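What follows is a single chain, given as structure tokens, in the form predicted on its own.
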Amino acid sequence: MITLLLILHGLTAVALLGAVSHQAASLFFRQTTPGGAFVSRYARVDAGRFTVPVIWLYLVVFVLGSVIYPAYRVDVRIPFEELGLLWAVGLFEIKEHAGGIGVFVLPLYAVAWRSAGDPSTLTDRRMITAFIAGVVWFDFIAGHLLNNIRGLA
């Protein structure tokens, strides 16, 4: 069962990574790149349409991670400590805290995107989206690195 949850956690995280990356690219690169460039085509999306999916995907990834966490605590963290891989334990702790902070920032993210048509809130939307995207990218890379060292599956 843990393996299935870990796969769902990973697949949902990939979807979240794609959604928040599209949204961030649209905010930062939409007007700054030539029309035919790859980045321009990637950024040519309605960034506001990604807000609700990002929130829901973030929450699903967080909940699945929380369900998997007790198995990680017993089956992975203890061997990390026994092997002296304290940097890996610390990396997971940072990953865990960043994800938790991201959950508490989601309401601010939702409020910032509620006024997506208002040009005066563009900087707010850029900063909060960049923060959420940074958390998602960091957690994704850290999670895969730690799983490659010693995973649950």
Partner chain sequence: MKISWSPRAFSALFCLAYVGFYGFEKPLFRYYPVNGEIAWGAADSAVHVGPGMAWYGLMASAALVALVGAFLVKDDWMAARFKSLQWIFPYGAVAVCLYYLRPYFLY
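Quick caveat, the model's predicted, so the values are computed rather than measured. Residue numbers count along the first chain shown, from 1.
One more form of this protein should be noted, the form predicted together with its partner chain, which is absent from this view; the next part is about it.
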Check your understanding: Wondering, does Glu93 line up within 4.5 Å of its partner chain in the predicted complex on heavy atoms?
Key -> yes
Point to revise | Contact of Phe62 with its partner chain in the predicted complex (heavy atom, 4.5 Å) | key: yes
Review point. Would Phe38 count as touching its partner chain in the predicted complex under a 4.5 Å heavy atom rule?
Key: no
Exercise for review: Give a yes or no for Val111: in the predicted complex, does one of its heavy atoms lie within 4.5 Å of a heavy atom belonging to its partner chain?
Suggested key: yes
**Study point:** Heavy atom within 4.5 Å of its partner chain in the predicted complex - the one residue of Ala116, Val89, Leu27, Val45 that qualifies
**Key:** Val89
**Study point:** Members of 127 to 146 lying within 4.5 angstroms of its partner chain, judged by heavy atom, in the predicted complex
**Key:** Met127, Ile128, Ala130, Phe131
